[in-house]
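This document opens with one chain alone, in structure tokens, the form predicted alone.
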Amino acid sequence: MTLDELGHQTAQQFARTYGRPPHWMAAAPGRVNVIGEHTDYNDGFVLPMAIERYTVIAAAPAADGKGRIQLHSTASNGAVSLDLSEPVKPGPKGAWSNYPVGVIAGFLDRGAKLGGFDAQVHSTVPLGGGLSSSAALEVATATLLEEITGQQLDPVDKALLCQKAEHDYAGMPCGIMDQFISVMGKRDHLLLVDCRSRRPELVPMSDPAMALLVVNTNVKHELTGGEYAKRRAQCERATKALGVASLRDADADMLERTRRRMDEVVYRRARHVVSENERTLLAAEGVRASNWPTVGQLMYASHASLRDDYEVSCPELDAVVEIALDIGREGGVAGCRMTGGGFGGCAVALVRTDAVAAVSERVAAEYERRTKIKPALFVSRPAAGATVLKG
């Protein structure tokens, strides 16, 4: 489904829900991280791309003219209502509405003049697959509110407002990658983000001969929340042992010299982050040069490090990568790795465009044979970031 088609469908959903057409519509994409995993909260580097899967929000001024915001989602039953005459507070833990509500609160905190409106959310970004459906929802909300209020934010400021919404309202201490790429993505480009300086750099991926195949394992092991916090704490212990501000400041030689100051698990966590930063910078150079064999090998090395040193993979993700290795470059696969926080979700493979259909068919069949789970696959070129569809 194209973005225009998704926008049309969302407008129809809005009309069915509220009995009138929308006045504004905004969209923001999900993302896949090509390489650079668990580096963002260590002040490191990430290389995500926006995918051709979007969250769209359609809205119109409140029919009753009152200062109340109504939020509907096609993925959830029931509506969420905000009374703007009262302080905005998070809803129940785990509620989807906490993401847009946190963004609304951020705009109000900045003095935005916001009247009541009715909104309908519709999305093609898979939920719970590690493709950042949450950031897509936050950034779509922020883009809509810019249009409603006439208050345009600096792109970095907009991404940070959305990140703060996720921290404060959804209770997820995420890094900045997801919001940055959803705001600043550009068609046919990846985005190299320096998570310390918060400086984004567009990396052209203009070669139409290659695309990214996203493989959703359709599993999500319930370790994620506690394990994520544990990894962050282990990285903090490593920085103290190394005497640096963050693992961004360490290199392989320094890590080896101070290895005896940390336990083996903490050492391996740090080794992943240090090596992943190096791989990410090399991969960005490889993409610029269309050096796909090098980019692919860096992706495989990233997965091995996430599996062995960071221990955030799972048998299903490993199976996808093993299948990709079996297919090999001769079959059209340059590289493959898990993407996202881990313990399930998605893998991403760098695939020759002319081999996408054959590779998809083989990966799906072999994965289901090995795991007895049917995966969901889609292919994407680098997509555009947040946009206004109607305003």
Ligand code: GLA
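Residue indices: 1-based, along the sequence shown. Just so it is clear, the structure is predicted and the values come from calculations on it, not from any experiment.
Quick note: we don't show the form predicted in complex with ligand GLA, though the next part is all about it.
Proximity to ligand GLA in the predicted complex, defined as a heavy atom within 4.5 Å, singles out one entry of Met177, Leu191, Leu298, Leu145, which is Met177. Contact between His38 and ligand GLA in the predicted complex is found at the 4.5 Å heavy atom cutoff. Using a 4.5 angstroms limit between non-hydrogen atoms, Gly341 touches ligand GLA in the predicted complex. Although the partner is absent here, Trp96 lies well away from ligand GLA in the predicted complex, with no heavy atom inside 4.5 Å. At a distance threshold of 4.5 angstroms between non-hydrogen atoms, Trp292 is out of contact with ligand GLA in the predicted complex. Although ligand GLA is omitted here, in the predicted complex none of Ala211, His303 and Phe378 has a heavy atom within 4.5 Å of it. This chain is displayed without ligand GLA, yet in the predicted complex the stretch 29-37 from 62-70, 328-336, 29-37, 355-363 comes within 4.5 Å of it by heavy atoms.
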